[in-house]
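The chain that follows stands alone, in the form predicted on its own, written as structure tokens.
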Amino acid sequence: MNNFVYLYEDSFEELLYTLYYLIQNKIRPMNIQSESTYVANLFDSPFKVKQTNFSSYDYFIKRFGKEIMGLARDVYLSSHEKKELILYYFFVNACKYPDTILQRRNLKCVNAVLNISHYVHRETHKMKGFLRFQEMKNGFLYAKIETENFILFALAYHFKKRMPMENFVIQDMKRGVYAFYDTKNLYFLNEDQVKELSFDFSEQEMYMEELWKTFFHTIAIPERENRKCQRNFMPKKYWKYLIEMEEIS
């Protein structure tokens, strides 16, 4: 017997519409996946819900409120492979217990949503401190990230608020998406849209990097080196794009 796989275009709004359709029609799905990650096989019956002009986001936020929708968006941006099904059961139960859903930690879906949201926020907080900008010849500041969760949006808005007068580009190496800010507007672009952008570093940047590395190594005390302790405060997975850790990583 074939299994229905409910597909949606890779956006939060499209996922919400699919969840709305399933809940309204009392369908209990075995699998929900985005079209970009779905790999077809002989045993699946892919099905895509036909979209209408109905705003599922407005419906969900009016019914469940900003806090629950914020948690749901965190889950959507996470790398959890079962995030769609987790959100389906979370909203099914939110319909049953609209006022107490977040207190029902005994439900696996609620527990999963809260834990995933915490994980996404924790990674975002760490990257705000670990992200390193480098000056390019065209005056833009450039930074690379390679994160578990899709936190580029949160980081871009954070640095837009923190550095409103700086032009910057943040590249998500894992997903091929760029956050581009020109002191007026913030854009999210794919690789094809930034082909003409130069990523050559300025001479001043190269000079400052060498100064920073020299400072970093000079203040270090070799006799007190403790890599295990260092990894506790700054996990090794974040070293790849840290200027001061290039030689070590």
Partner chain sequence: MELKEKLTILADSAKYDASCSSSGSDRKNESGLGNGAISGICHSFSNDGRCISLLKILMTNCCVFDCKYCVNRKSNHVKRAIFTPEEICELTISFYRRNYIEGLFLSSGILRNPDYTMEKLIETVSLLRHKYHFSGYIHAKAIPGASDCLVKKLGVLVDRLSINTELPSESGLKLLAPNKQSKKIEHTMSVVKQNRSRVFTPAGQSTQMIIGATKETDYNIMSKSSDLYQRYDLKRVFYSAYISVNKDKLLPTLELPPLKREHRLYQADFLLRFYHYQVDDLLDREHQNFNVLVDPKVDWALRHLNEFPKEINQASYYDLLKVPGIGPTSAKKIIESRKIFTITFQDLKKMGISLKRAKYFILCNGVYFASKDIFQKDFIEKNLVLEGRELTSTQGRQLSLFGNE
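Model, not experiment: these values are computed from the prediction. Numbering follows the first chain given and starts at 1.
FYI, the form predicted in complex with its partner chain isn't displayed, but the following is about it.
**Q** Given a 4.5 Å cut-off on heavy atoms, tell me which of 176 to 184, 210 to 218, 66 to 74, 32 to 40 is the interface stretch with its partner chain in the model of the complex.
**A** Selected range: 210 to 218.
**Q** Look up in the model of the complex whether residue 50 has a non-hydrogen atom within 4.5 angstroms of its partner chain, and give yes or no.
**A** Taking the distances in the model of the complex, the answer for residue 50 is no, it never comes within 4.5 Å of its partner chain.
**Q** Evaluate residue 131 for contact with its partner chain in the model of the complex, applying a 4.5 angstroms cut-off between non-hydrogen atoms, and reply yes or no.
**A** Yes, residue 131 lies within 4.5 Å of its partner chain in the model of the complex.
**Q** Is there any non-hydrogen atom of residue 159 lying within 4.5 Å of its partner chain in the model of the complex?
**A** Output for residue 159 is yes: heavy atoms within 4.5 Å of its partner chain.
**Q** Residue 96 versus its partner chain, in the model of the complex: is there a non-hydrogen atom within 4.5 Å?
**A** Residue 96: no contact with its partner chain in the model of the complex.
**Q** For the three residues 5, 27 and 147, verify that every one has a non-hydrogen atom within 4.5 Å of its partner chain in the model of the complex; reply yes or no.
**A** Checked in the model of the complex: no contact with its partner chain for any of the three.
**Q** Of 161 to 178, which residues get within 4.5 Å of its partner chain in the model of the complex if you count heavy atoms?
**A** Contacting residues: 161, 162, 163, 164, 165, 166.
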